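This document starts with one chain, in the form predicted on its own, laid out as structure tokens.
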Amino acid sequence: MNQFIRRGMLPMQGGVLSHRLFASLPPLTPSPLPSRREAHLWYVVPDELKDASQLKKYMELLSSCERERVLSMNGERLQKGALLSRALVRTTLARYCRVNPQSIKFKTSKFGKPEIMWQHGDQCNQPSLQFNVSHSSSLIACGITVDVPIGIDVEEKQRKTMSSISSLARRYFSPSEVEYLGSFSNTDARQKEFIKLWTLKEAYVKALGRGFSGAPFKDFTIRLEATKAMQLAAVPRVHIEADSDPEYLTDNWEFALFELSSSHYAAVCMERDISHSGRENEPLRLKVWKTIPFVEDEFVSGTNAVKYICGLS
């Protein structure tokens, strides 16, 4: 990535070339807004995007601060992942806001969760979008809802850990979750269940908007029931076990856990909408797209790319 900057092939400031680069991109396909009982998820596979000219165009969508963060990453692989993460967020939001993805500005909550910062007077004309992004080295995803908070996480199914699963569980998980993992005598099965639990807990913490330090994993339990096939049979629910600052840890959330692109576990956590009587009993829905922004979009819900384990329908 750096070589494009050094050679002067990618302008770091706005200007005529900036507008030409954006004008050369085809329009994004607009997407209907999710209902209050629905989440949308868009994902990109970095290894499938190898066109250097396309990466330069994505870089042009970023703010100067975002570009600096991308270029500060150690190594081209990390830079590419950081670039695609920011480009995916901007292009995904632009599908619903109907704005130039380059023009979107962001702010952070008091706990550091990114939010859209509308220009004065724009907010009344735009949907109340909530979003969250997650990435591994081999897949990047962005989740979208309207009005209700969302958190997502993606983890490689074959994720390697530096420490043993048992020691990591004792360090980060609640006693009930440690006991749950200990019920699996098969090492591979225990590894898979650990990653599923981690993915669900990460999505929940991100939906809360407090981050890991603000809502430590040990402060709550994701209770799951295992079948003989060692899969999750019940919709996961959050149960609070610790006494420390419990008021923000509630069970007013819905989860989806699924295999994504055959290689990852993905979790979506979104707050239940109880603003309308009876709405809380409606099934939640999830729609998933695989994308290369400005190049190709593929709706993959209902295909082998999305295999539900539990949760949203």
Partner chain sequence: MASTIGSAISSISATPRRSSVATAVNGISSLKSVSFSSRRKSLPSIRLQPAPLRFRISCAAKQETVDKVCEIVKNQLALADNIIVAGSSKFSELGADSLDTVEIVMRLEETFEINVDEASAQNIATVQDVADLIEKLAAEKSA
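Predicted, not measured: the structure shown is a model, and the values here were computed from it. Positions refer to the first chain, counted from 1.
In what follows, reference is made to the form predicted in complex with its partner chain, a form of this protein that is not presented.
- Contact check for E76: a non-hydrogen atom falls within 4.5 Å of its partner chain in the predicted complex.
- Shown alone here, G112 lies within 4.5 Å of its partner chain in the predicted complex, counting heavy atoms only.
- Proximity of K105 to its partner chain in the predicted complex falls outside the 4.5 Å heavy atom cutoff.
- For E193, no non-hydrogen atom is located within 4.5 Å of its partner chain in the predicted complex, even though that partner is not displayed.
- With the partner removed from view, the residue among V178, A189, L71, V133 that has a non-hydrogen atom within 4.5 Å of its partner chain in the predicted complex turns out to be L71.
- Proximity to its partner chain in the predicted complex, defined as a heavy atom within 4.5 Å, singles out one entry of S163, S128, S185, N100, which is S163.
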